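Here you get one chain, nothing else, as C-alpha coordinates; it is the form predicted on its own.
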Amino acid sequence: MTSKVVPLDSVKHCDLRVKVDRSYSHIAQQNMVPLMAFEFLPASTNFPIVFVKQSETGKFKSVALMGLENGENVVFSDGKVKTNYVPVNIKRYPFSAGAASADEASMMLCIDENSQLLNNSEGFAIFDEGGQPSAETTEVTQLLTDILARDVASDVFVDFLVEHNLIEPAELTLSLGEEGKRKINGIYKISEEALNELDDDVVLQLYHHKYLPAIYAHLASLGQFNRLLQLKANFTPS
(Lines give C-alpha, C1' and ligand atoms only; values in the text may rest on other atoms or scores of the structure.)
Protein backbone atom coordinates (compact mmCIF):
# COMPACT_ATOMS: atom_id res chain seq x y z
CA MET A 1 0.00 0.00 0.00
CA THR A 2 1.28 3.47 -0.90
CA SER A 3 2.16 5.70 2.03
CA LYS A 4 0.03 8.78 2.69
CA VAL A 5 2.03 11.01 5.03
CA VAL A 6 0.08 13.95 6.41
CA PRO A 7 0.48 16.37 9.34
CA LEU A 8 -1.01 15.01 12.55
CA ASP A 9 -4.35 16.70 13.27
CA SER A 10 -5.92 16.68 16.76
CA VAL A 11 -9.42 16.83 15.23
CA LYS A 12 -9.09 14.55 12.22
CA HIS A 13 -7.00 11.97 14.12
CA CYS A 14 -8.50 12.38 17.57
CA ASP A 15 -9.72 8.78 17.86
CA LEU A 16 -6.75 7.03 16.25
CA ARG A 17 -4.63 4.52 18.09
CA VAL A 18 -1.31 2.93 17.10
CA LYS A 19 -0.89 -0.82 17.38
CA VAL A 20 2.57 -1.81 18.55
CA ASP A 21 4.12 -4.22 16.04
CA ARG A 22 7.34 -5.74 17.40
CA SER A 23 7.85 -7.65 14.16
CA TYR A 24 8.08 -4.36 12.21
CA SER A 25 6.18 -5.88 9.31
CA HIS A 26 5.95 -2.49 7.56
CA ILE A 27 9.61 -2.84 6.60
CA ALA A 28 9.33 -6.42 5.29
CA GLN A 29 9.64 -5.46 1.61
CA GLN A 30 12.41 -2.87 1.94
CA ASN A 31 16.01 -3.94 1.57
CA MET A 32 17.56 -0.88 3.21
CA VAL A 33 16.81 1.76 5.82
CA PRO A 34 18.52 5.10 6.54
CA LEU A 35 21.07 4.79 9.32
CA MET A 36 22.64 7.63 11.28
CA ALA A 37 26.27 7.76 12.30
CA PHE A 38 25.58 7.30 16.01
CA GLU A 39 23.93 3.96 15.15
CA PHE A 40 26.92 2.52 13.31
CA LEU A 41 28.43 0.75 16.32
CA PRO A 42 25.35 -1.22 17.47
CA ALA A 43 24.21 -1.81 13.90
CA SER A 44 27.59 -3.08 12.71
CA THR A 45 27.12 -6.52 14.30
CA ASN A 46 23.80 -7.01 12.50
CA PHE A 47 23.80 -5.29 9.11
CA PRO A 48 26.22 -4.26 6.39
CA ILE A 49 26.44 -0.47 6.62
CA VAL A 50 26.99 1.15 3.22
CA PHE A 51 26.45 4.45 1.45
CA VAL A 52 24.04 5.08 -1.41
CA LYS A 53 23.74 8.08 -3.69
CA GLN A 54 20.38 9.84 -3.66
CA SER A 55 19.01 10.19 -7.18
CA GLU A 56 17.37 13.56 -6.46
CA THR A 57 20.37 15.34 -4.91
CA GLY A 58 23.42 13.23 -5.77
CA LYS A 59 24.36 13.29 -2.09
CA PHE A 60 25.41 10.20 -0.18
CA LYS A 61 23.36 8.71 2.67
CA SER A 62 24.34 5.91 5.00
CA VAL A 63 22.00 2.92 5.13
CA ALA A 64 21.71 -0.49 6.75
CA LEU A 65 21.22 -3.27 4.21
CA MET A 66 18.61 -5.89 5.09
CA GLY A 67 18.46 -7.73 1.77
CA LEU A 68 20.43 -8.23 -1.43
CA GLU A 69 17.58 -7.60 -3.87
CA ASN A 70 15.05 -4.80 -4.27
CA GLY A 71 12.01 -5.65 -2.17
CA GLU A 72 13.87 -8.34 -0.24
CA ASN A 73 14.26 -8.16 3.54
CA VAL A 74 15.80 -11.22 5.18
CA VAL A 75 16.14 -9.58 8.62
CA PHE A 76 12.54 -8.51 9.25
CA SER A 77 10.43 -11.21 7.62
CA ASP A 78 7.88 -13.93 8.36
CA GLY A 79 6.88 -12.06 11.53
CA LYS A 80 10.39 -12.55 12.94
CA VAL A 81 13.13 -10.10 13.86
CA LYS A 82 16.59 -11.53 13.17
CA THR A 83 18.62 -8.73 14.74
CA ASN A 84 19.37 -7.43 18.21
CA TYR A 85 19.38 -3.82 16.99
CA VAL A 86 16.43 -2.02 15.38
CA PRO A 87 17.36 1.26 13.62
CA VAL A 88 15.48 4.29 14.91
CA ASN A 89 14.08 5.01 11.44
CA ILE A 90 12.23 1.70 11.71
CA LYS A 91 11.03 2.20 15.28
CA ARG A 92 9.57 5.67 14.64
CA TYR A 93 6.97 4.38 12.15
CA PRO A 94 4.14 5.36 11.45
CA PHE A 95 5.34 8.79 12.58
CA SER A 96 7.75 11.11 10.80
CA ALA A 97 9.00 14.67 11.08
CA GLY A 98 7.73 17.29 8.66
CA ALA A 99 10.50 19.83 9.14
CA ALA A 100 14.16 20.00 8.21
CA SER A 101 15.08 21.49 11.57
CA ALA A 102 16.26 20.05 14.86
CA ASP A 103 13.89 22.35 16.70
CA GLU A 104 10.88 20.79 18.40
CA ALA A 105 9.01 24.10 18.32
CA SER A 106 9.10 24.19 14.52
CA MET A 107 8.87 20.45 13.88
CA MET A 108 5.63 19.20 12.33
CA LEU A 109 4.66 15.73 13.50
CA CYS A 110 3.30 13.67 10.61
CA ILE A 111 1.72 10.25 10.29
CA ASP A 112 1.18 7.71 7.53
CA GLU A 113 -2.61 7.56 7.26
CA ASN A 114 -2.38 4.36 5.23
CA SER A 115 -0.41 2.51 7.90
CA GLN A 116 -1.92 -0.81 8.94
CA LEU A 117 -0.89 0.04 12.50
CA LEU A 118 -3.58 2.72 12.76
CA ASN A 119 -6.99 1.78 14.10
CA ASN A 120 -9.65 2.93 16.59
CA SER A 121 -9.44 0.21 19.22
CA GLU A 122 -5.99 -1.35 19.68
CA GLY A 123 -2.71 0.09 20.89
CA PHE A 124 -1.86 3.47 22.37
CA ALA A 125 -3.98 6.57 21.82
CA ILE A 126 -2.35 9.36 19.81
CA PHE A 127 -4.31 12.03 21.69
CA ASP A 128 -5.70 12.02 25.21
CA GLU A 129 -9.30 12.84 26.12
CA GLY A 130 -8.46 16.54 26.27
CA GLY A 131 -7.17 16.53 22.71
CA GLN A 132 -3.55 16.84 23.77
CA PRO A 133 -0.76 14.53 22.58
CA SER A 134 -0.63 11.40 24.74
CA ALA A 135 2.49 10.46 26.71
CA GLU A 136 3.45 8.00 23.96
CA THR A 137 3.03 10.65 21.25
CA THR A 138 5.14 13.06 23.28
CA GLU A 139 7.88 10.41 23.43
CA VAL A 140 7.67 10.01 19.66
CA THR A 141 8.00 13.79 19.23
CA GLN A 142 11.14 13.77 21.37
CA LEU A 143 12.51 10.83 19.37
CA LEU A 144 11.91 12.60 16.07
CA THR A 145 13.49 15.80 17.38
CA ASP A 146 16.56 13.76 18.28
CA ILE A 147 16.51 12.09 14.84
CA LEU A 148 16.47 15.47 13.09
CA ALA A 149 19.48 16.68 15.06
CA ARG A 150 21.43 13.47 14.60
CA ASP A 151 20.53 13.30 10.90
CA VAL A 152 22.09 16.72 10.39
CA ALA A 153 25.21 15.54 12.26
CA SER A 154 25.32 12.42 10.05
CA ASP A 155 25.14 14.56 6.91
CA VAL A 156 28.09 16.60 8.18
CA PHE A 157 30.00 13.35 8.79
CA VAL A 158 29.29 12.07 5.28
CA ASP A 159 30.19 15.46 3.75
CA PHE A 160 33.55 15.23 5.53
CA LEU A 161 34.14 11.79 4.00
CA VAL A 162 33.28 13.09 0.53
CA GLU A 163 35.42 16.20 0.94
CA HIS A 164 38.46 14.05 1.68
CA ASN A 165 37.75 11.51 -1.09
CA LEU A 166 37.14 8.68 1.34
CA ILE A 167 34.07 7.18 -0.35
CA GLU A 168 34.45 4.75 -3.23
CA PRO A 169 32.21 2.25 -5.07
CA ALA A 170 31.94 -1.06 -3.24
CA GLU A 171 32.82 -3.70 -5.78
CA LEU A 172 31.13 -6.74 -4.27
CA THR A 173 30.54 -10.10 -5.90
CA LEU A 174 28.64 -12.56 -3.72
CA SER A 175 28.24 -16.30 -4.18
CA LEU A 176 24.54 -17.26 -4.05
CA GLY A 177 24.95 -21.04 -4.26
CA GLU A 178 22.93 -22.54 -7.09
CA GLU A 179 22.07 -19.04 -8.33
CA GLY A 180 25.75 -18.46 -9.03
CA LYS A 181 27.61 -15.24 -8.35
CA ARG A 182 25.92 -11.86 -8.11
CA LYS A 183 27.55 -8.45 -8.40
CA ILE A 184 26.05 -5.87 -6.07
CA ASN A 185 25.91 -2.43 -7.71
CA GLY A 186 25.04 1.08 -6.54
CA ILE A 187 26.57 0.92 -3.08
CA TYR A 188 29.62 2.68 -1.72
CA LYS A 189 32.04 2.22 1.15
CA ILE A 190 34.93 4.01 2.84
CA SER A 191 38.24 3.39 1.11
CA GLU A 192 40.73 1.87 3.55
CA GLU A 193 43.55 2.82 1.21
CA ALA A 194 42.51 6.47 1.12
CA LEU A 195 41.99 6.42 4.88
CA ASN A 196 45.52 5.14 5.46
CA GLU A 197 46.97 7.84 3.19
CA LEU A 198 45.34 10.81 4.95
CA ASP A 199 47.55 13.63 6.12
CA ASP A 200 48.12 13.81 9.86
CA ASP A 201 46.07 16.99 10.22
CA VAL A 202 43.02 15.31 8.64
CA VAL A 203 43.42 12.27 10.90
CA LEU A 204 43.52 14.67 13.84
CA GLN A 205 40.24 16.20 12.64
CA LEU A 206 38.71 12.72 12.45
CA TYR A 207 39.79 12.16 16.04
CA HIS A 208 38.48 15.48 17.35
CA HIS A 209 35.15 15.08 15.54
CA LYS A 210 34.89 11.54 16.99
CA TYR A 211 34.40 10.09 13.51
CA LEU A 212 36.87 7.22 13.86
CA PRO A 213 34.55 4.86 15.79
CA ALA A 214 31.85 5.24 13.10
CA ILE A 215 34.39 4.68 10.32
CA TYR A 216 35.77 1.48 11.85
CA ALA A 217 32.27 0.24 12.69
CA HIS A 218 31.30 0.72 9.03
CA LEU A 219 34.35 -1.18 7.81
CA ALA A 220 33.74 -4.01 10.28
CA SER A 221 30.07 -4.20 9.28
CA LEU A 222 30.97 -5.23 5.73
CA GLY A 223 31.53 -8.71 7.12
CA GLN A 224 27.77 -8.88 7.72
CA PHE A 225 27.22 -9.57 4.02
CA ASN A 226 27.97 -13.18 4.93
CA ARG A 227 25.19 -13.06 7.50
CA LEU A 228 22.75 -11.74 4.89
CA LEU A 229 23.75 -14.61 2.61
CA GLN A 230 23.06 -17.11 5.38
CA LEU A 231 19.66 -15.55 6.11
CA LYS A 232 18.85 -15.40 2.39
CA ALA A 233 19.51 -19.13 2.06
CA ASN A 234 16.58 -19.73 4.44
CA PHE A 235 14.45 -16.84 3.26
CA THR A 236 10.82 -17.19 2.22
CA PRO A 237 9.46 -14.03 0.52
CA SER A 238 6.59 -12.34 2.41
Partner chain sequence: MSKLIKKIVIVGGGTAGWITAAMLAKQHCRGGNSDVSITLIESDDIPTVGVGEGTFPTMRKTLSTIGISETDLIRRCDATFKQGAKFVSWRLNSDKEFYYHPFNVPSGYGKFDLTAYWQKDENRHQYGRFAEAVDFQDQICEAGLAPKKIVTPEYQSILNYAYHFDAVKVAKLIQEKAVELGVQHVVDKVIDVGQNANEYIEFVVCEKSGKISGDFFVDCSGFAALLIGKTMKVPFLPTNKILFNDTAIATQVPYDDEEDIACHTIATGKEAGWIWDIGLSSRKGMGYVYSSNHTSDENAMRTLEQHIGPKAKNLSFRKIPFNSGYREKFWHKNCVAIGLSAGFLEPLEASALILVDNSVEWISERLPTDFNSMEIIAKQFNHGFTKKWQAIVDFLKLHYVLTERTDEVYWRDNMQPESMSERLIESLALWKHHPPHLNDTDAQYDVFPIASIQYVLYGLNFKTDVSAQHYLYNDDKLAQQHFQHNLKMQAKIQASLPNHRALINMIKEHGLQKI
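Bear in mind that the values here come from a model prediction, so they are computed numbers and not experimental data. Residue numbers count along the first chain shown, from 1.
Not pictured, yet referred to below: the form predicted in complex with the partner chain.
Which one of 135, 162, 108, 152 is close to the partner chain in the predicted complex, taking close to mean a heavy atom within 4.5 Å? Partner contact (heavy atom, 4.5 Å) among the options: 162.
With the partner absent here, would 55, 58 and 188 each sit within 4.5 Å of the partner chain in the predicted complex, counting heavy atoms only? Yes, because 55, 58 and 188 each have a heavy atom that approaches the partner chain to within 4.5 Å in the predicted complex.
Would you mind picking out the stretch of 192-200, 166-174, 62-70, 36-44 that comes within 4.5 angstroms of the partner chain in the predicted complex, counting non-hydrogen atoms? Of the stretches listed, the one contacting the partner is 166-174.
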